[in-house]
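Given next, in structure tokens, is a single chain: the form predicted alone.
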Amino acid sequence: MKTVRCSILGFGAIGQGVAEVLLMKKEYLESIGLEVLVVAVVDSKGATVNPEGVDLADCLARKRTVGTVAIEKLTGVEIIRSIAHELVIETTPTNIVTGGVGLQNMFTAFETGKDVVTSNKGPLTLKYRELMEAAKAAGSNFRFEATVGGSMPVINLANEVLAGNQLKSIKGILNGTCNYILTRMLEERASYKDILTESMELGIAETDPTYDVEGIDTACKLVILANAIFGRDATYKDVEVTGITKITPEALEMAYERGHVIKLIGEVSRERIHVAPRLVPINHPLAVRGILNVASIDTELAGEITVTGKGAGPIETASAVLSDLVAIYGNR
């Protein structure tokens, strides 16, 4: 049995999802020879630390009742530097302007020779090359499947399962909020404003939905794909972005009458990165409904490979974190 000591930095929805999944999959992990010991959990107010392993069920209960796991006033960087462990699970909120604390956490992890698994898009959108160089210099593993498709595997599918194929492009729906809004506008013949309000009430859209509806979230995910799969050194500034805010019910209905739906499609290749509403034939694999995400990978040898799944949700995203953890330590 190999013991993997880790920290969970960021204990919002995704961090809590990771804790739940580690509890759920304890027996599975042990069956493949892994004991995952969480030695620290950090949220915005502080940390719970135990070198022998924190009680994740207790952390979840305290977060839900008192709003924090904080027992000690420690930051993620302080945990990384002072507590012995091998893996940093970085699930702090995305910040695409500065990279936020996630960027500091990742660089500090690599400085101290730790592996990193993350769901945080911000640092990868801003400093992909520098982070990869830091990980390589440290001999650290760095995996980030959860940053792009939630439960839907894209990065590992392209780089590992499809190894040896030259990839021509990846295109698809990478934001469930936009897909939900466009689906419901067509179903209800309702305005963008009305369905946006509905999606906020249901918790599908954020209180400030700009990041989603203006295409920014999709653009950030495309930057990660461009760099991780196509070997580019792209940033958000390299993406042509148009959101969904100007789409009308009339446009959706007219498209439908002609056998199409309108979807916010992101596409990346070696030459171009762009996000915009596009017409998709009703029976096309990209014409998924509701909050689903979908990605179609155009390959040299295998043709077009399409995957679909939930692109958000704490447990769904945590499944990608678990997959990366197993990929790093499962075969050692």
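Because the structure is a prediction, the values reported are computed rather than measured. Sequential numbering from 1, following the sequence displayed.
Omitted from view is the form predicted in complex with a small molecule, to which the following refers.
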Should R62 be counted as a contact of the small molecule in the predicted complex, where contact means heavy atoms within 4.5 Å? no
With a cut-off of 4.5 Å between heavy atoms, is S44 one of the residues that contacts the small molecule in the predicted complex? yes
Is S140 close enough to touch the small molecule in the predicted complex, meaning at least one heavy atom pair within 4.5 Å? no
Decide whether I14 counts as a contact residue for the small molecule in the predicted complex under a heavy atom distance cut-off of 4.5 Å. yes
The small molecule in the predicted complex: within 4.5 Å of a heavy atom of each of T92, E206 and G313? yes
Within 4.5 Å of the small molecule in the predicted complex by heavy atoms, the stretch out of 241 to 249, 152 to 160, 84 to 92, 190 to 198 is 84 to 92
Of these, V101, L131, L167, A255, which has a heavy atom no more than 4.5 Å from the small molecule in the predicted complex? V101
R232, K171, K121, R184 - the one with a heavy atom within 4.5 Å of the small molecule in the predicted complex: K121
